[in-house]
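Given next are two forms of a protein chain, the same chain in both, each as structure tokens and marked structure 1 or structure 2.
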Structure 1
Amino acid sequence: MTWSATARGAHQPDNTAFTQQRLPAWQPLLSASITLPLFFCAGLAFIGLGLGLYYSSNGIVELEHDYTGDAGSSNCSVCAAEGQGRAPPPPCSCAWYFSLHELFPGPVYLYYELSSFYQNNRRYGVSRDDAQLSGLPSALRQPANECAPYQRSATGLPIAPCGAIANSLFNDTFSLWHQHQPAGPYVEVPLDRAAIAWWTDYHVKFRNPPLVNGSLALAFRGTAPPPNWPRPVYELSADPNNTGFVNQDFVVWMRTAALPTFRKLYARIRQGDYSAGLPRGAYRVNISYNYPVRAFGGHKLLIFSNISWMGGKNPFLGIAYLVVGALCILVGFAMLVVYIRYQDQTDDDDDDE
């Protein structure tokens, strides 16, 4: 059988640049004239940025207090001892006294911090029903299976809001009192509890179910609160705009933290006389100690802080940038030395060939 020219054409591969490996290509050359300036510039930029970040972070004032109540550490050890081994722990109040010698520049933010609390545990993190929390009436009385064992109450009613995250809502409350003059009366400092959560959270993600006859309580009829809650969800706050699923504290708590030690915003202090900050004087924080953390070795802290463009006090970023910048410059110098030493050698090789 002869192999005719026409038959060959049918089997011939395409004579394109792609199939015949003739595509143009660019081989990037890591030459010294590109790499060394790159390293030095990056190093200098990082060092500059690092210094700026570090000083910006250093300018932030922070005041914290561990009120877990370990023996002898604070006033709240009485409450801690009382609550030992009893669930739910009995209501108890304690106080933290501190004084400021100079103005604490504002606006001041009040956080509570928990440690060894694994909100990032997988089983815990899926134990919620976002459809129910978004206010869908159909989902309100059919909580998702992931919420088990906090899906239905002991009497068989659906729990709203269901799940372990909602059940473990942080329920300590704080109030701040300021004593202008020594031995004078304590005046309450107004705490702005509005807008402490993300806007998208309390406007999109969390919505109350439609009101029934204008009443939120009726909307939640036929559901039960989570086992650990003293009050149902529609009574979380006296303010009708801040109750139900859109309660700010609830929304803040439901945004689970990434790490076992985390802080969540409690209030802003920016109203009235305190808009410029906390003036000097003695202060007292009244804490209603409800939340039990000692059983798992956790700690509760109260933190006053102010904020900059990069958030709270965070020296890590500044230090990291400084370190990386310094390393870049160091490595750049090492590469320069290597280049100078071996460049002569390479040039000789080139001339020889």
Structure 2
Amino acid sequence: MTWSATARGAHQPDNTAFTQQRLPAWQPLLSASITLPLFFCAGLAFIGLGLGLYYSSNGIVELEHDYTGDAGSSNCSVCAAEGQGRAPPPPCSCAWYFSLHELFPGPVYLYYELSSFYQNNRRYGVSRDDAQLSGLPSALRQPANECAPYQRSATGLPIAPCGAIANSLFNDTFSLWHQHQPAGPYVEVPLDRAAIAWWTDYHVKFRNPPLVNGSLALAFRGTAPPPNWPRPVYELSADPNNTGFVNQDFVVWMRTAALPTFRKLYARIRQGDYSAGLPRGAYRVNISYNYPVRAFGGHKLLIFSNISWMGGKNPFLGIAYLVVGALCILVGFAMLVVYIRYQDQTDDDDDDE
């Protein structure tokens, strides 16, 4: 059998410009006059953006305090010592006193920070049931196998919410008090705890199961709380719009961090006399010390911070842009030197020919 260019075989593509690769194409020839300006322009752009990010980050004011309770570090050391080796630790309270000599510009955000806590561990990160967290009644009674060993209680009841992430929910609480005048009374500063979670998490990913006779407690009947929880999930808050699986603190915690040292938003300070920030004066933070971290060598920090157009304090991003911009400039100069040196040699070779 002879092959014919006009006869289409079983494996012969269509005779079109696309399948036969006859489409018109543009193949740029990168010369020095094109490449060098690109490197220099890119370098200058990166350096300019990096400077803006770096100085914007440095303009953010932060005030932090390590309240882990290491010996001699704070008055929380008593709480840390009492809870050492006890699960769950006994209730304990401590305080952090500080003074501001000038206005702490707002809006002010209050974060807690944990270190040496590996939420990026693979088994920890998959230990959850997204179907259960979305409010499906069937998943509420039959938690996913990924939640083991926090899938069912010792009595065989399904755990809601199940998994290691929910079981390790951060449960320290804070309140802020302000003393306007020396020797005067402390006045509580309002902390805005609403809308601290991501909008998509709160409105899309997390849902309570359907109410039973108008009661959320009846909807969770037949389930058990995680082993480390002192109360069931439907009692996380007295606010009916902020309890169960849609509790703001719970939703924030369930978004796991990528690094072992991370911050999570606790509250905003933007109401009443504190909408412009924290005025000068003496302050006290009352801390309910419930979350043990010394067993795994971790640390707990409280952080007051404001933000800029780029978000929170993050000098790394500006430094990264500056480094990339500097590398582009250096590569551009290196290519320029090579071009000047070998251009003369190329011209001499052309003249010899």
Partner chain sequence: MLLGATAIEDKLQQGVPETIALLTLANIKIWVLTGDKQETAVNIGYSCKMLTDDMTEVFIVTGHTVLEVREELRKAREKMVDSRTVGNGFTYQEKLSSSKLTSVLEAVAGEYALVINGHSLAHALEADMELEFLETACACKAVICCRVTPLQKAQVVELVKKYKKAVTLAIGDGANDVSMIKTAHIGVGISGQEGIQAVLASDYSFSQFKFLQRLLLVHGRWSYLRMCKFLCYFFYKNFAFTMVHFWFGFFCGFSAQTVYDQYFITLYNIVYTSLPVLAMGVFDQDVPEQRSMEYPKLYEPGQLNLLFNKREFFICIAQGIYTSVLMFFIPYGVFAEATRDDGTQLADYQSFAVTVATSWPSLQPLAVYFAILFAMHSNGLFDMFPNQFRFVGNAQNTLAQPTVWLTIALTTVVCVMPVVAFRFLRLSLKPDLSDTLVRKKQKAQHRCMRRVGRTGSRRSGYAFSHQEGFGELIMSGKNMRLSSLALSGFTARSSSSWIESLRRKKSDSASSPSGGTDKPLKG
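Residues are numbered by position in structure 1's sequence, first residue being 1. Take the two forms, find the largest set of C-alpha atoms that superpose within 1.5 Å, and that set is the rigid core. Every value quoted in this text rests on a predicted model; they were computed, and no experiment measured them.
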Index of the chain form predicted alone, chosen from the pair: 2
Could you tell me how many Å the Cα atom of residue 17 shifts between structures 1 and 2 when the rigid core is held superposed? 7.5
